[in-house]
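For reference, the chain that follows is the form predicted on its own, supplied as structure tokens.
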Amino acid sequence: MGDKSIQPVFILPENTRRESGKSAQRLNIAAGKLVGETVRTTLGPKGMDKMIVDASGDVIVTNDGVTILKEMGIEHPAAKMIVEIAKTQESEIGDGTTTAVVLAGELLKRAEELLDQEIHPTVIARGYRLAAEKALEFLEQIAVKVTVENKDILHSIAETAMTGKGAESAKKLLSELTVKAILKVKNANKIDRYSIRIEKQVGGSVEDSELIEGLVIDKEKVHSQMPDRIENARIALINAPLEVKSTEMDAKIQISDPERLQSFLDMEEAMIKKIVTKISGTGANVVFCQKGIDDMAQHFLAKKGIYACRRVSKSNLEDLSKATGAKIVMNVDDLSENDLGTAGIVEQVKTAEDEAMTFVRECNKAKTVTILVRGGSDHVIDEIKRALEDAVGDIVAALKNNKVVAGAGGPEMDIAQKLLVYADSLSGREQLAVRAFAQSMEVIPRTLAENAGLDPIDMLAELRNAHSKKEVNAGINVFSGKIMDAWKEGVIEPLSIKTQAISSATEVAIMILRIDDVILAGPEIQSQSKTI
């Protein structure tokens, strides 16, 4: 008789690793929890910083969640999914990345406890979805309307975003600059946060930071004889080289007579002189050129008293157009007086590192402005820049849907208590998932208390008590260790930070929970896929 034993069937390539069932779920949940734990200590005004040193030795010191996660170079596929929600939060709002990641990690942790009770992942996912929908409804109920007229609230939003970051020492000044910048670029009811540029300059202190109604361009004048400062600037933006045109195809010119060589050079000079004469004839006294400027053209521009910069990036040229009202010209022959923009002052300023920058100031109709950040070192300035980006993003997000809520862990506790009541109205196993979601929301106030060195059990008990008395704005004062009215204390955040964080965290937690099989290609397969 032949051997009737069943031979194993291999359907995957060699070197492929596979995790399935509970083992796969546990590994993915562990990875998600680990990402949340990594950034958890950075949450809130008393959050700690992380130092990240990359392969080339560059150092970053920050407590900005998305910056930490980007720079860590995370490889685990489930952990990468958590990093993606941080990036989404950053691009959509500009702040709240740590909240989203910590919440996602806590949702996975609570889900793991439910899995241990033999509750199916699909049931948990359904319960989480129901809870997230209700949480967003509860947030809408406690949200307060805000408009550009409410400048005090806008200042509070900016200060809340900057508290606990490198900018905290000068948050009053920086919040003032941020609100002024936003009101300057507001176009009807639309605000483009990318119209507010944040530039760095090493030297001085944070208090020396300023708002420039115009731009700071990281370029210097092309010729030493050009003026350092032009008042009542009339600006030409040119996207064409200021030099003799070369032929389209390779060509060789042979000159046998020395006199002909001189006439050839004279002709080149006359052509460049004609270009410069055309520019000065329009009344322009400042030129920003996206392409190169020939040495001879530099000389003639300097003689005419024109300030010029070359190799200005396309994005800078477009921003200059918005700030000064100038039109970008593709051909010097087409340049006319109507194409010029205006600025009160264009000047070259030396930095502490003996590099030069060009400041375009006093643009009365500017739709692009610059906040110039000053500070003692690159690390300090980088962190202040990140704090300002958060502040700008928060105010823009608040004005986009005109709704804000109090911060300091208050909204999360309010949601948690209301969800527990809602859970009692459900009859199936989803009730347990909704309860788990409610308990997960408490991770934010608990973390705020822990990071401030307070007793989280006592603080949460006091906070629950306040919210049970319908004090919806009650939050944790991490400086005094007491419960406060966060709205009266000026701790205010955009509603969309909370809604986006809850939506993103819920989606990624559900996606990770629904994975029951992980197939990892071996090194050989990975290298093949890279070469395809």
Ligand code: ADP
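Just so you know, these numbers come straight off a predicted model, no measurement behind them. Counting begins at 1, following the sequence as shown.
From this point on, the text means the form predicted in complex with the ligand, which you will not see here.
Of the heavy atoms in Thr178, none are within 4.5 Å of the ligand in the predicted bound form.
Among heavy atoms of Ile444, some come within 4.5 Å of the ligand in the predicted bound form.
Though the partner is left out of this view, Gly214 does not reach within 4.5 Å of the ligand in the predicted bound form, counting heavy atoms only. Using a 4.5 angstroms limit between non-hydrogen atoms, Gly36 is distant from the ligand in the predicted bound form. When the ligand is considered in the predicted bound form, only one residue from Val478, Ile68, Leu495, Ala505 comes within 4.5 Å through any heavy atom, namely Val478.
A heavy atom within 4.5 Å of the ligand in the predicted bound form is found for one listed residue only; from Ile384, Ala408, Ala323, Ile415, this is Ala408. Stretch-level contact analysis of 51 to 59, 27 to 35, 460 to 468, 487 to 495 against the ligand in the predicted bound form, using heavy atoms and a 4.5 Å limit, identifies 487 to 495.
Residues of 35 to 56 lying near the ligand in the predicted bound form, listed in sequence order, are Thr42, Leu43, Gly44, Pro45, the criterion being any heavy atom within 4.5 Å.
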